[in-house]
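Read on for two forms of one protein chain; each stands alone as structure tokens, with the labels structure 1 and structure 2.
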Structure 1
Amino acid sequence: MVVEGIRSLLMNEKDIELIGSASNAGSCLAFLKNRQPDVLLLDINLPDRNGIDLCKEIRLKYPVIFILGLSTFNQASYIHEMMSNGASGYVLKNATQKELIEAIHLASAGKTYMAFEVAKTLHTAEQQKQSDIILGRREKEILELIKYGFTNNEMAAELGISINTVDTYRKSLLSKFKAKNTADLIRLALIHKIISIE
């Protein structure tokens, strides 16, 4: 039913050609050995295999194929996993014809498509994730001093603690924010509204 629904939505599009369909992972891989589409709509819930894992395999074997995840699940974990495994976008099965066509066009151009509902889900998950960052009193003090450009030596003198202790707190902050460096730490702390620019 889903395949026929997609076929009916795309059959009159002059610049989109539906070259085939597969009902499971095995038949999909067999099809790709002989013919590769520019864009593959991949259901994440397949009868014989996890579509998220299949996405990764296809991207490794056929890097020229752009994959759009297709699902009824509008959950951040599924979306993140699909995108991490190489998908160029995530389309819900209740997508309109316009959304589906836009997703295919963007994917074929090497761009990423994210439906409004999907983007909203990711945004909400990110906000919840941000609220999980809990800092101790000393970590907040260190973060404020980093914001003002204090060095480790200066922070140690200001707070009356050792340089090693300052370094421990700094590493803890980088870890909690999953920051790559000090500049990234400040950027993320601003985004999370843990610090502010006066």
Structure 2
Amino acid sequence: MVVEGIRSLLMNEKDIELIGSASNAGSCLAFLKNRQPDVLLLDINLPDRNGIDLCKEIRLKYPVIFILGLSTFNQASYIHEMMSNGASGYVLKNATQKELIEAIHLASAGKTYMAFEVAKTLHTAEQQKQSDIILGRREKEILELIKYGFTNNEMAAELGISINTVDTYRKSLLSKFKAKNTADLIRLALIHKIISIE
């Protein structure tokens, strides 16, 4: 559906030629061996592999291709990762024809496109993040175990360290996240994407 949508949005543009499409990373790479477009629209959610990795790989193999990230998600982490892996822009799937065409034109000229919405998301995310929280190896382990409801005693046994040590890490986590207590810690760690819920 999305491919069909793009095709129809670009059909009448005289200076844009759609030379092909692929429904997964494998066939995309196979296609690129024969022909390279000026601009490549790359979905972040691919069936066979991660679009962000694929972006990096394509940029390495074919530095001449400009890549536009394509996703339903106006999510800071995605946009950020995509851009830092060499994308020339980020287009949402609900973009208008005008936006899409503008993005392609800018990308093919080596410039960067970013829709207003997307830029805004990035910006507010940046504001909120302010201080990246850096955790040591042990702190991460402890946090992960706290998430699963382990008590300090259990963690000490699990990791073969003293309960006092576990307690120290716990305190350190609370202070790094500026959390009031365990529940708050879990929430903040999730917001900062240090941990995740599967």
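As the structure is a computational prediction, the values presented were derived from the model and not from experiment. Residue 1 is the first residue of structure 1, and the numbers go on in sequence order from there. Whichever C-alpha set is largest while still superposing within 1.5 Å between the two forms counts as the rigid core.
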| query | finding |
| --- | --- |
| Panel number for the form predicted on its own | 1 |
| Core-aligned C-alpha movement of K171 between structure 1 and structure 2, 2 Å or more | yes |
| Core fit, then N34 C-alpha moves 2 Å or more between structure 1 and structure 2 | no |
| Did L190 shift 2 Å or more between structure 1 and structure 2, C-alpha, core superposed | yes |
| Per-residue C-alpha deviation between structure 1 and structure 2 [N153; rigid core superposition; Å] | 48.1 |
